[in-house]
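For reference, the chain that follows is the form predicted on its own, supplied as structure tokens.
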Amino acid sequence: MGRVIAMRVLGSVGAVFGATVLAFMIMRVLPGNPARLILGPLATSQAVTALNHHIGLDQPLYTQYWRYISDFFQGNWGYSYSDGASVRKLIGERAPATIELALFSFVITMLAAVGLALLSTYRHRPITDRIVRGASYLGFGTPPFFLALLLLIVFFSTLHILPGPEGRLGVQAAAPAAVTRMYTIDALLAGELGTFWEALKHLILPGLALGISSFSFLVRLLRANLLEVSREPFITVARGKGLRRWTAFRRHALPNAFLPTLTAGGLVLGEFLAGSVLIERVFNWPGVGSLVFDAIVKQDYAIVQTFILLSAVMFVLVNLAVDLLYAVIDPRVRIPTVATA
């Protein structure tokens, strides 16, 4: 088990290092001068040169990279010249909105994937199976931003049953007392059911748009695994011992088939937590994704680099936790491979 953990941690460190180098180099090769953007087109070349020196852009790349990494792990994430505030403060203000959207989308994605995969495979009903597979194909073939616009047209503009791109709450609704700064949780803690329902309604459309592609992947994966496991001899043995079909399916087929889906779910959660820039932009969601979109347009190095590094760290930590959980659940992962002559 210790060797498994060491290998997972080593791989995670390598992934984070690669992400930091990639982010650092991409931001440096983009056209444009951040100092010129900050000072404006009428600034003198002397002022631009002085600002470049002040923010360290005239130093060698390896010096800039080391400063970037060391400052990050010391909690100094830089200063956003475009927003006039520290990056740590800006991301801290926006992170709860992104986390709330990611968790909501992940929960409904996993529940829908498990439910429809079970419905598709338990009784082997051809019509139901075709509907589920058709829905998964549709999710795979539809870009999330296009789906977001389609959902807005149908449920907001046409049917008027869900709110549109107005952020986390309606214009007349007041935010609940800040505890976690996730409105649905804070509203429940405060006993404000009206605010909770308002915040939940605003989560539905962006949550669906964010999760539909991952749902398509997860439902197909779980469906295929359930079909494969349900044909295994141990299921026949369990049925032969007198277990009802649903009991054997739930106790033996589903747990074994769910293990690969657990690993895939970790990838999905990490992707959601990293944020979806386009979805947040379409729905005017005040999360980290919207902040990063504006920073890319303004070439604000500090925000973009910090976001990429935070996303890499978060993504790796989530998947490391899932890998370790997988090793705990499935003993076969902990068994060392014995070389054969």
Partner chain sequence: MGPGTLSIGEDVAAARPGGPPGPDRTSLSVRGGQALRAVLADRKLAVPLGVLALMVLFAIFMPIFWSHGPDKQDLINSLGSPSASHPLGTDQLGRDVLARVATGARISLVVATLVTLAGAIVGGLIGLFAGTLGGASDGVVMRVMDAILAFPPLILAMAVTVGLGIGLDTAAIGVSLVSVPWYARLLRSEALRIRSLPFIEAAHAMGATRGRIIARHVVPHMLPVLFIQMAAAFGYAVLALAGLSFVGLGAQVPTPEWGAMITEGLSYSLTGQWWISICPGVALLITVTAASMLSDRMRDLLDPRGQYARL
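Residue numbers count along the first chain shown, from 1. Everything numeric here is computed off the predicted structure, so don't read it as measured data.
The next section is about a form of this same protein that is not shown, the form predicted in complex with its partner chain.
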4.5 Å heavy atom contact with its partner chain in the predicted complex for all of I26, L150 and L267: yes
Please tell me which of Y79, F72, F258, F145 lies within 4.5 Å of its partner chain in the predicted complex, judged by heavy atoms. F145
Heavy atom within 4.5 Å of its partner chain in the predicted complex: which of G141, G194, G84, G115? G141
Considering its partner chain in the predicted complex, find the one stretch among 214-222, 101-109, 176-184, 196-204 with heavy atoms no farther than 4.5 Å from it. 214-222
For S311, is any heavy atom within 4.5 Å of its partner chain in the predicted complex, or not? yes
Just checking whether R88 would be counted as a contact of its partner chain in the predicted complex - the rule being heavy atoms within 4.5 angstroms. no
Taking 4.5 angstroms as the cut-off for heavy atoms, does G92 touch its partner chain in the predicted complex? no
G167, heavy atom within 4.5 angstroms of its partner chain in the predicted complex: no
